[in-house]
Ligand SMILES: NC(=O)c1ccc[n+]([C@@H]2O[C@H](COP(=O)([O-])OP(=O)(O)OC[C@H]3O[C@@H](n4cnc5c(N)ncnc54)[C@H](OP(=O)(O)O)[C@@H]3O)[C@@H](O)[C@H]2O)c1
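Given as structure tokens, the chain that follows is alone and in the form predicted on its own.
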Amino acid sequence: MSSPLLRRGGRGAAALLGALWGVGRAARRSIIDLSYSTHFMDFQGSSIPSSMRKLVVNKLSPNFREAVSVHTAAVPTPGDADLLVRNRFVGINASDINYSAGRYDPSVKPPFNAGFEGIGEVVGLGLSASSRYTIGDTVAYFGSGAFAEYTVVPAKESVPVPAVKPEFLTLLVSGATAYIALKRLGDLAKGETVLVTAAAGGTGQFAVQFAKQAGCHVIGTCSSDEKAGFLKSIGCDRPINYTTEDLAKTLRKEYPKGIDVVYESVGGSVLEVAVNSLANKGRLIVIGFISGYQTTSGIPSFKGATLPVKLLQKSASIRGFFLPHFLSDYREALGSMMQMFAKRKLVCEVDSGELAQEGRFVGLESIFRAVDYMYAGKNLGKVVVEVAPPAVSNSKL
């Protein structure tokens, strides 16, 4: 992802402040290194070590295990406007392997840090950041380098959360994608029919709920009866288990007038079915095409020669959605979803690997298992990894 959220700047502000404090060696010291640094780095309460582990992309490849490895590095020092976050949970996204394959920003060369989203406690911060945050605050963030025990996050890009719950993590990318895509590109109207593919996954679960809240009839594809049951529990009117039902035939039989809006993340043959199933003036929103991500090109095969005529005949449209292009909508979306969750009007299903063969996803090393688990289609809800258990703190800072 090439948004400002994923490109960290230098330490210009901290360097300027350092210059104002004196000359010689003192002028080159970070603000954190000053005599009152204990107010900004909670070493005792949070047991901040001198080193940490993180996942680093060493070579470009769609094979996550091949591209990424665990590295030991110094715990980073936050700049003037930064927070140092001790990660408790990190989120797994299908696009993690697009990032490791170098597909988002060709100018970024290995080695670079992996991971898009995390949630944890503030254990250190810069002087400017201390005007808004303090040690012990809990925050979530959407930015690069999340697959680490500690991550430096610009204060202005962090999101205060009431508690370190993985449910909040589901909103950062997965929830925001569904909320903004349907709001900005879906043009949902009460009574319309909406199809959500991979509906029981991390972002699909939200698309189902938001479409239902808009008064739509919702269809959701999934791969098991268990997932179909979950979809019914969150309001899906017609779950379709594609392992036991033919998706194209079912849609033709039960929805002869077509589908008004499709929220599509699979690609390939599923995208072809979606295009053929569109109603007049139908809108198809492409938020991904996971079926091709593990290939060399990253793009699944698609028979699109007749696409223009199909769209023309139905006055239909295909619209692409990439979250970093809609950052102006991000704060409102996140705030609205957090309110819904607090009022118990939004289900944020988390899959921490309780049913995985080797058990729950705990520790950085389990991120590799979590990625495999998601790509095997085993997850129900958002895949989340617990980086570290909660710390016992006696700090009075």
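From 1 onward, residues are counted along the sequence shown. None of these values were measured; they are calculated from a predicted model.
Another form exists, predicted together with the ligand; not displayed. Remarks below refer to it.
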property	result
Any non-hydrogen atom of residue 86 within 4.5 angstroms of the ligand in the predicted bound form	no
is_contact(residue 242, the ligand) in the predicted bound form, heavy atom dist at most 4.5 Å	yes
Heavy atom of residue 321 within 4.5 Å of the ligand in the predicted bound form	yes
Contact of residue 185 with the ligand in the predicted bound form (heavy atom, 4.5 Å)	no
Stretch in contact in the predicted bound form with the ligand, which is absent here, among 158 to 166, 276 to 284, 219 to 227, 251 to 259 (heavy atoms within 4.5 Å)	219 to 227
Sole residue of 193, 151, 93, 209 within 4.5 Å of the ligand in the predicted bound form, by heavy atom	93
Interface residue in the predicted bound form among 247, 234, 266, 214, criterion: non-hydrogen atom within 4.5 angstroms of the ligand	266
Contacts with the ligand in the predicted bound form, stretch 351 to 379 (heavy atom within 4.5 Å)	374, 375, 377, 379
